[in-house]
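Taking the form predicted on its own, here's one chain by itself in structure tokens.
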């Protein structure tokens, strides 16, 4: 698939389907994410958004269809292989090591994917620690660099998780509800950091988000899932004006 002025997608889903027994959690979902864009993924609760992320990051096996990343079919690859290729993600439920410090979390995250437990206990190379400290400063966490992650606020934990996803220097980051449980001030911080990573550092994002204003401020395109199927795709304004999308949201979540 090509589009977006003829550019090739960085990530592409072709007829992606996922079945749990007889239930279709995803059904023939097509989409493309292009280099250096921020794309949104929205939909009512239970529409299949996180399941799609699980399929893209290979946490879940795809029942049917293909996923192409950087021109390579990753449909049957293992999660650590996809991570090595430059695809990173966060999770809807924050995953940090609560009894370790912010810096320790960042250093541990460099050891992604099946490289052996012994490496987790080796001293970090100087350049790795330097990168961790730079990211911690960039994410405005330098004041809590030696604080245990379990003592951080919800927003700080989200920022730490984003930092951990950035440690391997990925090309594409999948963010699953980055603003969930975060106070409004830190929501703006997260938004600013994503925008800076995209515009200055050319990072590509696909993000799941319920905060439609967050999506509208950041995303050039949005696609919508409903009951595991692609319902619509377009600019944020086109999506907000789409009657089928309005019905899906307010019909499913409004009462």
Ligand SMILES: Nc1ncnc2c1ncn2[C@@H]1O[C@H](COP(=O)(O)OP(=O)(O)OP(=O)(O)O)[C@@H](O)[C@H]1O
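Residue numbers count along the first chain shown, from 1. Worth saying up front: this structure is predicted, and the values here are computed from it rather than measured.
Not on display, but discussed next: the form predicted in complex with the ligand.
- 60 is the sole member of 60, 189, 27, 198 with a non-hydrogen atom lying within 4.5 angstroms of the ligand in the predicted complex.
- Across the options 213-221, 66-74, 40-48, 189-197, residues that bring heavy atoms within 4.5 Å of the ligand in the predicted complex belong to 40-48.
- Annotation: in the predicted complex, residues 23, 92 and 177 each come within 4.5 Å of the ligand through at least one heavy atom.
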